[in-house]
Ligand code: 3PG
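First, one chain by itself in structure tokens, the form predicted on its own.
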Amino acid sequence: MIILIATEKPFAAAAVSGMKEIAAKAGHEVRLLEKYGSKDELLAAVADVDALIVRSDKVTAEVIAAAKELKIVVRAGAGYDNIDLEACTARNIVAMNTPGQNANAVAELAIAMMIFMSRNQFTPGTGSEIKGKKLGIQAYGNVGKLVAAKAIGMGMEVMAFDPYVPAETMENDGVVPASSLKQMYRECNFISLHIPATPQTKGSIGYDLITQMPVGGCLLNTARKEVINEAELDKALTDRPDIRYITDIAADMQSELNEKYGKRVFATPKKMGAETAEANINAGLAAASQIVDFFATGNTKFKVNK
């Protein structure tokens, strides 16, 4: 089988080497398309491949149509909104992600973002400590659990809301289950978002929730920009001059937010959540291993399309 690693933003060399080794041991050929400059390059490269590994690259319906032999596509990371799942399903192509491989990197960034905002973005002036503060985690999955553990280790109280996770699971981790989102926003000094961008979650974080936060509250987004209702965020920041917002995914109106609210808002220059050597390697190796296992046994454990 031919496996194409198509990454406009390349994997680390160690990751590529490991992925090639995993594939070669199973008798598969690996091709590499890095830093490609146009969609046409990607369309040409997928023409005869059996498997595709991407990072944030867009696997659109057009890409799927061009990949006549494609059987599986794996997104090396947790989010998979860059893959057209309907197009994959229509062609009986398995789409997978690699959950948990970037989780620690994102969790560490969330903690760092809380400290960064608490210390006035490291500019002169008296800041505050996160010890003794209350953190609310929206979505208690791989990343949320790690954020909770690290925050508890730093002396924070932690609450979480996730309708798909039993309260007992949270309580066993020392986390207080929230009965509702509004309760969590109302009680927590920090809210950390870890929800995917789905039809149900897009634009779901808006004025009514954000303005529930206590005085000095700070909203952290290491998830997806689409979950934020930007117009309502803007209104909340105007009506509540004590509220702060920090994000790993710049808003469409980020320059306007920066101009209006100064150091109350911050966006990383580019998405940094998975930008560690360890996460890069872990996600790449997992993607290659999942493809090899799929071809060998038919394993679709991490399938994300129907």
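Counting begins at 1, following the sequence as shown. It should be emphasised that the depicted structure is a prediction, and the values quoted were computed from it without experimental measurement.
What comes next is about the form predicted together with the named molecule, which is not displayed.
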**Fill in**
Given 256-264, 38-46, 52-60, 22-30, the stretch touching the named molecule in the predicted complex at heavy atoms within 4.5 Å is 52-60
**Fill in**
Assert contact residue (the named molecule, in the predicted complex, non-hydrogen atom within 4.5 Å, options A274, I246, L237, L70) equals A274
**Request:** Name the single residue among A78, A95, A148, I191 that comes within 4.5 Å of the named molecule in the predicted complex, judging by heavy atoms.
**Result:** A78
**Request:** Flag R224 as yes or no: does it have a non-hydrogen atom within 4.5 angstroms of any non-hydrogen atom of the named molecule in the predicted complex?
**Result:** yes
**Request:** For the stretch 1-22, return the residues whose heavy atoms include at least one within 4.5 Å of the named molecule in the predicted complex, in the order they occur.
**Result:** K9
